[in-house]
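Structure 1 and structure 2, given next as structure tokens, are two forms of the same protein chain, each shown alone.
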Structure 1
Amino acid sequence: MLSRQLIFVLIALSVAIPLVIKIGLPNQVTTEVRNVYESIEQLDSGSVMMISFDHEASSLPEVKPMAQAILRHCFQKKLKVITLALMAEGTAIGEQLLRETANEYQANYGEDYVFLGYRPQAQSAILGMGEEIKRVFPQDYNNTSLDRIPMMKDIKNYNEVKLIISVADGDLPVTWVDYAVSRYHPKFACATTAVMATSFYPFLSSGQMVGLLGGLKGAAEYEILLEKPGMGQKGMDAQSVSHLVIVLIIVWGNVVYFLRRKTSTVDSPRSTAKPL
């Protein structure tokens, strides 16, 4: 039998190796992910996108690869990207990811992208931006007036935004649907953790969402479409390999168990006692 320590080592290696060495296991792109990609791909250069970081730090391993893939696509297409956070923990995380990704594409703050920062009371913030973004965010994250940011001069509300994406780990996409989509009718999609993804499929069916990314798999699929591998594909490879190793360990354990049981049955001495 495999010792407990050996099993731990095998699982650790099955997770670590795919994160270091590119394996590239096949992954089929789903319709809901392709719809998000196509919605961005069809936009003209200079079109305005809005991305909201609606998540906490605990979900970072899942939401960061999705957010990074979407941001890379936006900067690759030379879109104007407005970002904000409707959860406090998403503020610093979103700002750092936005800055790092923008640097990859030499995007300039204030001209190609802007980070508005955090606002509590998501319902009020979403409704307010439908009327006027500057009313909700008079200043950006760096306390610079939006009137002094060149990119924001001709952007008033959702009418100028071609697509909104909520990167979330909870039910805030429902709030966007209820208070933005239902009233102001912008195109909307979400990128959410795998455990929450099934909650939003009814909104896809109703047309209130144009697409959906679900967890690491969604990130991996988007990276395939983008032809730029990242942590999504590596994470899915690690997950798949570790699951395969676990299955093989279970099969091996059962085989050894039945072989030992059969051997012990054959080798056990027969009773010589006579019946009474």
Structure 2
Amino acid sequence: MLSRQLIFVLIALSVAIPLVIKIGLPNQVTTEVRNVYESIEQLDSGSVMMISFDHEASSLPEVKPMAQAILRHCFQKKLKVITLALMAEGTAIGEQLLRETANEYQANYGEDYVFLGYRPQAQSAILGMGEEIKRVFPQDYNNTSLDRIPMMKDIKNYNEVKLIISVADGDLPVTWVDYAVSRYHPKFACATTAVMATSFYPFLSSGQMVGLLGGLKGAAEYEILLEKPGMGQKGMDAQSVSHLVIVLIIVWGNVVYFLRRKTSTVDSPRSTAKPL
């Protein structure tokens, strides 16, 4: 019988050891991640993209590698990037990540990228931007009027945006589909935590999303396509080894359960339970 504490130690070791000793397990790129990459790769230099940081701080280890890989691709392609946050905690995190990644590529604020800040009530913000972005965000995060930002001069609403990506840890991508995609028909993709990924697959098959990045693995796949290793690929060995350990623990638990049920019929709760 494995105690809880022993399982925790096993999981901790299965994560820590591969981080220290590189194994280099293979990682295949999935179609949904490739579709996001291709959607950005096909855009001409100067095209406008919108990235929304729709997440909280608690999911940072998953969303940061994905957001970073996508932002790197955007700046590498010299796209104009409009960013915003529809969750309060995503604001400071998104702004910091945007600034760091923009500095890597010497992108200039106001010309190559802009951060609009946070708006509550995601539904009304998404609907409002479909009519006019300036109505929802009259000023950017630094309280500069959008009229004074060169990049925003020719951008009115989703018509000028070639692709929207929601970096999310909840179901806000569904809100984007409900209110932006179904009404204004922009191209839309999401980079979401793995726990939410299965919820969005129906939107992939219906074409309401062009692609999807699911958690750390999604980030690692994107980094492979980008040929720029980052936080995603660094964690994938640990991910694979810890999954193997969990599978072995589940198998071990089942083997012990069936052996006990076979050998001990008297002591089992099922046999001692009295019928009502």
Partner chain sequence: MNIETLIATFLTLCIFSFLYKDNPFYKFAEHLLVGISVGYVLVMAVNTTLMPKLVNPVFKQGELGYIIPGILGIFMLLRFFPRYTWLSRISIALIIGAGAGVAIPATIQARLFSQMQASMKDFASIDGIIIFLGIASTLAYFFFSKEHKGWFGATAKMGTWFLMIFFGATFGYTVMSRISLLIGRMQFLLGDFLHIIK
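Rigid core: the largest C-alpha set superposing within 1.5 Å between the two forms. Residues are numbered by position in structure 1's sequence, first residue being 1. The structure presented is a predicted model; accordingly, all values stated were derived computationally and were not measured.
- Only structure 1 of the pair represents the form predicted on its own.
- Leu60 is not among the residues whose C-alpha shifts by 2 Å or more between structures 1 and 2 once the rigid core is aligned; its shift stays under 2 Å.
- Relative to the superposed rigid core, Ile249 undergoes a CA displacement of at least 2 Å between structures 1 and 2.
- The two forms, fitted on their core, place the C-alpha of Phe8 7.8 Å apart, compared between structures 1 and 2.
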